[in-house]
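Here you get one chain, nothing else, as structure tokens; it is the form predicted alone.
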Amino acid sequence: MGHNKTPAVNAEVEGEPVKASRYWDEGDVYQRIVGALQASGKSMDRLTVEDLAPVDHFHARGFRATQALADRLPIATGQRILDIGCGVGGPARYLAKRFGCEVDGIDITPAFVDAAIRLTADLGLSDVVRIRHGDGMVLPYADALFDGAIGLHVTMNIADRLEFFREAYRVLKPGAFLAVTEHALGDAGDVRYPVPWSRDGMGSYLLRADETRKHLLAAGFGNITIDDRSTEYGAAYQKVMQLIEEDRLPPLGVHLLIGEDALAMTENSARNIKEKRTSPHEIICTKRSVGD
């Protein structure tokens, strides 16, 4: 089979050790995905970015959310983009293929990094998509290196949001964009757990949209737009819940990464949005130049 050409990766952190790994870092994620691909009738020898789309966009609304965000981003051919919290690499590979750019991805979860590197090799994209293990709070990149950066459903697990934004600011060129999707804290009480980013509230650090804007401004970003996407995400969760309840989930999907709590996490995510406990947002801003 084609996937045998890709060796397992010993994803060690280069430099400063990461503070903690995601709680969902369990088992051989790559082999789990390969098994689901085979069960779906996909050939590893003719694998495409689209074949992987149901599973490798590990954030709410999945591939559609990545596509919709990409429609708004000013990415040009040959630019270098950073994906902070890249998961198993779906958005990074999609951006590289769609825009003809280069993408660096970094993630704190070793099993995700291993899967991302191997899947990228399976797709023949290793020359333009580089994945490494590391901490988004201490990015192993030079100052002013990237033309843009994304962080898709990562910030909910970041305790020091200002420092996270400052570090993203550091590695971006003046005028470069930062695009973030996240679940913000709503106006109506405590969040119901488990949810995809936390089983019991541990490691969950949601902020209100106005707090996020304040931290972005303090970090040096401007031209900030924050768009509420509650309607779209609520509908997506309802659709997944229906598939789960009717036992019609396809072999390939993000439930492979979430595990046995998928139904409870999906139900709570939908209820949190409906009850205004959380509010999914899409945020785009730019690094201000000196003197702006």
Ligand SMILES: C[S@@+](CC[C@H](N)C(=O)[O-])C[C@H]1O[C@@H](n2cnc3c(N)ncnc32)[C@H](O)[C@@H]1O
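Quick caveat: nothing in here was measured; it's all calculated off a predicted structure. Numbering starts at 1 and follows the sequence shown.
Keep in mind the form predicted in complex with the named molecule is missing from the figure; the text below concerns it.
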item	value
Partner-facing stretch of 185-193, 102-110, 170-178, 215-223, counted where any non-hydrogen atom is within 4.5 angstroms of the named molecule in the predicted complex	102-110
F58, heavy atom within 4.5 angstroms of the named molecule in the predicted complex	yes
Contact of A96 with the named molecule in the predicted complex (heavy atom, 4.5 Å)	no
Interface membership of G85, the named molecule in the predicted complex, 4.5 Å heavy atom rule	yes
Partner proximity in the predicted complex: L152 to the named molecule, non-hydrogen atom cutoff 4.5 Å	yes
Single option in D122, D147, D135, D114 placed near the named molecule in the predicted complex, where near means a heavy atom within 4.5 Å	D135
Contact residue in the predicted complex, chosen from I158, I75, V128, L207 - any heavy atom within 4.5 Å of the named molecule	I158
